[in-house]
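Below you will find one chain, with nothing else, as structure tokens; this is the form predicted on its own, and questions on how it binds or moves follow later.
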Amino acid sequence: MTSLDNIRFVLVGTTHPGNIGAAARAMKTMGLKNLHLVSPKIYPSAEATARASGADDILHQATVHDSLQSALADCHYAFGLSARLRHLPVPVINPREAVEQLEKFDDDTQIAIVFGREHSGLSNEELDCCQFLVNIPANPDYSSLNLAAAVQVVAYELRMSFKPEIDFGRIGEQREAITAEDLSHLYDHFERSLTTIGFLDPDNPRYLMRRIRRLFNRADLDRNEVQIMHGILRAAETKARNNNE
């Protein structure tokens, strides 16, 4: 299976520099870095850099070609993106199927994913340079997809195939598991606190504590969350005692 480093995204004849920057951003968020540009109308551009939003390195490393043949010269396979299905002797697959095809290639296989112009896509002659035609399934009544959005769709499918795991360290603190003893202490505290504030009648508890146990069993609390609940209960107890003095 080839690596992400061996996959290049080729943008052909891009007319709006902002789309180049947005495409670079889409690539970087998914761990792709090889951007090739074929005869862009305006490049380099401050607007491309602005739309890249931190993916400046992708733009800085981008290679500019004067022809698609040059961009594909050292590639083994090319996948051409097209919104229009054409009567061509080329296999038509969706992005997920394209990635499944990539998974069959050897580690050192060089791959190009080719995107056409914003308004007209790839010409038939350019598609002739590709072994596969990729079509992103969309609403048949409105199938037009922004260039950068199409790049994001394909980049995401590649990411899910090559490195689908989520980096939990980037989205919050590490969850620390709790034990049955921790939950038992919490339930005892709930019973004392609810009695203190007058919500629970110890002579007629009915099923209140059982329901509270079921509630927190479903909640899958971590240690920090258990400590928060203890803090809330202590504050409620203090408030109740002060009101009774």
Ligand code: SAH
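Residue positions are given as counts along the sequence shown, with the first one as 1. Computed from a predicted model, the values in this text were never measured in an experiment.
The following text describes the form predicted in complex with the ligand, which does not appear among the structures shown.
- Item | 116, 121 and 144 each touching the ligand in the predicted bound form (heavy atom, 4.5 Å) | Judged in the predicted bound form, 116, 121 and 144 all sit within 4.5 Å of the ligand.
- Task: With the ligand left out here, work out from 155 to 163, 97 to 105, 68 to 76, 129 to 137 which stretch has heavy atoms within 4.5 Å of it in the predicted bound form.
- Result: Only one stretch qualifies here: 129 to 137.
- Task: Evaluate residue 111 for contact with the ligand in the predicted bound form, applying a 4.5 angstroms cut-off between non-hydrogen atoms, and reply yes or no.
- Result: Flag for residue 111 set to no.
- Task: Scan 208 to 234 and note down the residues that get a heavy atom within 4.5 Å of the ligand in the predicted bound form; none is a fine answer too.
- Result: Stretch hits: zero.
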